[in-house]
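Here we start with a single chain on its own, the form predicted on its own, put down as structure tokens.
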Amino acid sequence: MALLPIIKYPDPRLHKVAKPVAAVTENTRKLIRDMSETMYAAPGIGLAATQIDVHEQIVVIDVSETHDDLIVFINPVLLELEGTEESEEGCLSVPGIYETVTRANRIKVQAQNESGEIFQLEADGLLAVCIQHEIDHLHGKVFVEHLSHLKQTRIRAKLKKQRRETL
């Protein structure tokens, strides 16, 4: 397994729309293992393939406290969205930035697992937020784009300053 570099906002590659996975292969499963290792090491609770410059519809999520409940979503589709909820979000591609975003508080998603089997999952709370956040990545959208233009400008300036300070 390998740790993969995570693309940082505002890199334009984060805005590429991911293509569906045609067939789940051993290469797909290796990518999933590498993504999982990268997510856990970061540390994070979700990672979309887009964030590691692979533009395929693959997401890994683990919102458990013990980091032993990995859920893999290949070609995920949101089937139902209910209600709204505001919650603070962060992102491995936008390090150190946490902002309040409004999302559906209950969802139903359909996807394939790492064996290629189709499943449906109903989720609420943190898992529902995380699934929506990662699916946004597959559609080329970063969570800060749910914020006002002014907040986005401030975040870009803050990240630019952080990069200068680390060089």
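Throughout, we count residues from 1 along the sequence that is shown. Please read all numbers here as calculations on a predicted model, not as lab measurements.
This protein has a second form, the form predicted in complex with a small molecule, left out of what is shown; the following refers to that one.
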State the residue from Val109, Ile58, Met35, Val129 whose non-hydrogen atoms include one within 4.5 Å of the small molecule in the predicted complex. Val129
Is Leu92 close to the small molecule in the predicted complex, meaning a heavy atom pair under 4.5 Å apart or at it? yes
Does the small molecule come within 4.5 Å of any heavy atom of Ala104 in the predicted complex? no
Can Ile52 be called a contact residue for the small molecule in the predicted complex at 4.5 Å between heavy atoms? no
Under a 4.5 Å heavy atom criterion, is Ile45 part of the interface with the small molecule in the predicted complex? yes
